[in-house]
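Just the one chain here, laid out as structure tokens, in the form predicted on its own.
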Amino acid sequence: MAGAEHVFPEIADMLSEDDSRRIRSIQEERWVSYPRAVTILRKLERLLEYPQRSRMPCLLIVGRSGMGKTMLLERFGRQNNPAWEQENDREHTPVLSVVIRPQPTVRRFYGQILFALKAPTTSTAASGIIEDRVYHLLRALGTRMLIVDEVHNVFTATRSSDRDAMMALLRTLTGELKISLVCAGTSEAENALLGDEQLASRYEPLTLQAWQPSTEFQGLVGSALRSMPLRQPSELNPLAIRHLVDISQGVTARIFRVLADLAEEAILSGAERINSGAVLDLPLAPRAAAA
């Protein structure tokens, strides 16, 4: 579409849609690529291709809520969906993702793995049988990487015995199955996991720091603006970029929320663009909509 050079090619057709459709598109969750995300995705790909050995490398992604850990991992999971292997006549699941819920136990964790594999078990099954089934299925499906999100919830277990058992599982699971574990959580998880001598030697920490005004942050904002179906090009000056960091506290989810709100306002007002003044008019305290 002519005059659509300011948006990504896949967004160009949206420019001719009516206001309500374009606003709905802005409100939808979408992937926005930026250098930091590309670096992490490439690291995950290299980890997935690592040859199997008794001591597999693992990764710990750390960041406060809203920094984009889960979206990154979901993106990687979609890029490595299960596929049918014709030559082996079986399903191949290279990457499996689970989320640790609050108050976890080893039995519940195994249950979540089985549920993710669409192989739920009965509540009366013995723990040893559940464990054997998990190990058998992961081997049979050729799983090379287990992604464990919200790993900080391990430390919400009421009983210390449950916490100790979950920590022991994180130590032994990768060696037993010869797979890499990718854990994601808050700084609490980093302090606990890397405070364990055995885990610290296996897990490479990767921290998603809050954004600061920089060339990289300008790239993030630029990608976000190009993903929005506004009919006029948007541009923010350095002062507006710094103010955006301040009002969002550098949290990725808040940044996207602020820009989405401004894009919606730009459509409704007919401005069709986000300018520096619109950002600078926002109060320093984060708005509820951006939390």
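A residue's number is simply how far along the shown sequence it sits, counting from 1. Values in this document were obtained by computation on a predicted structure and should not be read as measured data.
Beyond the structure shown, there is the form predicted in complex with a small molecule, which is absent from this document and is the topic of what follows.
Undergrad: If we define contact as a non-hydrogen atom of the residue within 4.5 angstroms of the partner, is residue 69 a contact of the small molecule in the predicted bound form?
TA: Residue 69: contacts the small molecule in the predicted bound form.
Undergrad: Quick one: does residue 253 come within 4.5 Å of the small molecule in the predicted bound form, counting heavy atoms only?
TA: Residue 253: contacts the small molecule in the predicted bound form.
Undergrad: Does the small molecule come within 4.5 Å of any heavy atom of residue 30 in the predicted bound form?
TA: Because a heavy atom of residue 30 falls inside 4.5 Å of the small molecule in the predicted bound form, the answer is yes.
Undergrad: Would residue 231 count as a contact of the small molecule in the predicted bound form, using a 4.5 angstroms cut-off between non-hydrogen atoms?
TA: Residue 231 lies outside the contact set for the small molecule.
Undergrad: Scan 226, 43, 64, 242 and let me know which has any heavy atom within 4.5 Å of the small molecule in the predicted bound form.
TA: Contact residue from the list: 64.
Undergrad: In the predicted bound form, which of the stretches 22-30, 233-241, 45-53, 262-270 has residues with heavy atoms within 4.5 Å of the small molecule?
TA: Checking each option against the 4.5 Å cut-off leaves 22-30.
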